[in-house]
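Consider the single chain below, provided in structure tokens and representing the form predicted on its own.
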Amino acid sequence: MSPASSPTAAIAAGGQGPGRGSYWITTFGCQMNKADSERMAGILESMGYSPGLDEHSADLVLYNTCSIRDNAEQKVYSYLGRQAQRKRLNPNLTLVVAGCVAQQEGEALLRRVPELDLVMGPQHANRLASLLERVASGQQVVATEAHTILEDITTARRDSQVCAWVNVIYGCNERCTYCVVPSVRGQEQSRLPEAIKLEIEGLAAQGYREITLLGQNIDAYGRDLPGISPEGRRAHTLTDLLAYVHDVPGIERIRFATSHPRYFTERLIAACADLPKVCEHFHIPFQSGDDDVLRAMGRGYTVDRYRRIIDRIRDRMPDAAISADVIVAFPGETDAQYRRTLELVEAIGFDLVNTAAYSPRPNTPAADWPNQLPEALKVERLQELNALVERSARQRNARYLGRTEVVLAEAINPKDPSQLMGRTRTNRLTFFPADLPADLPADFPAERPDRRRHQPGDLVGVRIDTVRPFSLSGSLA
């Protein structure tokens, strides 16, 4: 999944049960963690907790952690240090670490932060209630053992009322030499298509308009499920799943992430082009522009293979947006190999690239290699790459100027209440006026004749007047 650059707090109004106090969840990392946090917030509210005002006053504080980069991990320890001080003054504070750092460190976290009440890996998110009952009985709990993820019967407390995450596959079976994800999220476990569709139908009934199907390696969906189709192929693939859930009434847009180039098939591309609700945005990490580095990373594809995927997508969907992840300064990466990464970024013209300098992670092969590169070189290469990525994004965004895009309004702009914010089908963040013009034509297609303001959930035609590297602004078309 794509790493996030900063933690996000998950708080919202929610139902209150018998009253156990307030909670606060801070989420670090990828979309999978955000989805897990929404499920854990739902569990807490079903137990009687209510959303807190901030992490410094909440009665239960939960950090859902990320270990994909060392700096993300160190942020967690910084946050925990402040909460440990609170715990010493207020023993009734419940302190929880969930997610990938919890899985990676296990009991070592308790030795480093003895004030913790619960340490739980991502496979145990659905067990939060039972684990907290053990804490309430006076235990200090560590839950990091391998665990089969059962169908989620809890109700997530979702951050959005318009767009929803839907997990379709947990874990990862890949063995990239730099990546800690398989060791902290476990083996691949695909959900049954019927359960996924039932969840989507429930979301549609609640008024959600867009869903994003999630998986660490979503193209692997279904390969652990039994069954062969009449055509002699696996009966469960991501392509089949997209077709199966496509026609749920009320859902207007479908996205999916994150893809692996090794499994991105021609059949999947054709389905995305042919299914009207599937958005023209693809997140396909390439990680390096050099074949030898890709081989050392254990990625299982070549640069040529990656470029052919992008060419085929753009052949079928010329306006498709492509985003990716890339790592620079991998052990042993030469200047020439690094330059080939820059060349690939320039040649493809990505809409967005999540960039990172290589960070050694525990229990990964590359962390023990002797050819680690110096930190100063990592910083230098990352800065140069970031400048190129911004130029590329600005050039790609230029194509929107003057065009009319259909934007799904997601929320009020927190910096300007007169504006709504939402995304195009190609995932470009777009800001536009909420108020309708005074001189509306008689045949203006409003849901209610008296409505004078667009609302979250509306599909709005927006004429793009301003382009920036990573967002757009416009007026009502």
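All residue numbers are counted from 1 along the displayed sequence. Everything numeric in this text was worked out from a predicted model, so none of it was measured.
If you look for the form predicted together with ligand SAH, you will not find it shown, but the lines that follow are about it.
Legend entry - Ser359 within 4.5 Å of ligand SAH in the model of the complex, heavy atoms: Residue-level check for Ser359: yes, a contact with ligand SAH.
Legend entry - Contact label in the model of the complex: Asp240 to ligand SAH, heavy atom within 4.5 Å: Close contact is absent here: in the model of the complex, Asp240 is far from ligand SAH, nothing within 4.5 Å, heavy atoms only.
Legend entry - 4.5 Å heavy atom contact, His236 to ligand SAH in the model of the complex: Because no heavy atom of His236 falls inside 4.5 Å of ligand SAH in the model of the complex, the answer is no.
Inset, instruction - Examine Ile327 and determine whether its closest non-hydrogen atom to ligand SAH in the model of the complex is within 4.5 angstroms. - result: Close contact exists here: in the model of the complex, Ile327 approaches ligand SAH to within 4.5 Å, heavy atoms only.
Inset, instruction - Report whether all of Cys179, Gln216 and Gln287 sit within 4.5 Å of ligand SAH in the model of the complex, measuring from non-hydrogen atoms. - result: Each of the three qualifies.
Inset, instruction - Please pick, from Thr341, Thr94, Thr258, Ser190, the one residue with any non-hydrogen atom lying within 4.5 angstroms of ligand SAH in the model of the complex. - result: Among Thr341, Thr94, Thr258, Ser190, a heavy atom within 4.5 Å of ligand SAH in the model of the complex occurs only for Thr258.
Inset, instruction - Check each of Ala434, Leu408, Ile68, Leu60 and return the one that places a heavy atom within 4.5 angstroms of ligand SAH in the model of the complex. - result: Spelling it out, the residue with a heavy atom inside the cut-off is Ile68.
Legend entry - Options 85-93, 112-120, 351-359, 247-255; stretch whose heavy atom lies within 4.5 Å of ligand SAH in the model of the complex: Selected stretch: 351-359.
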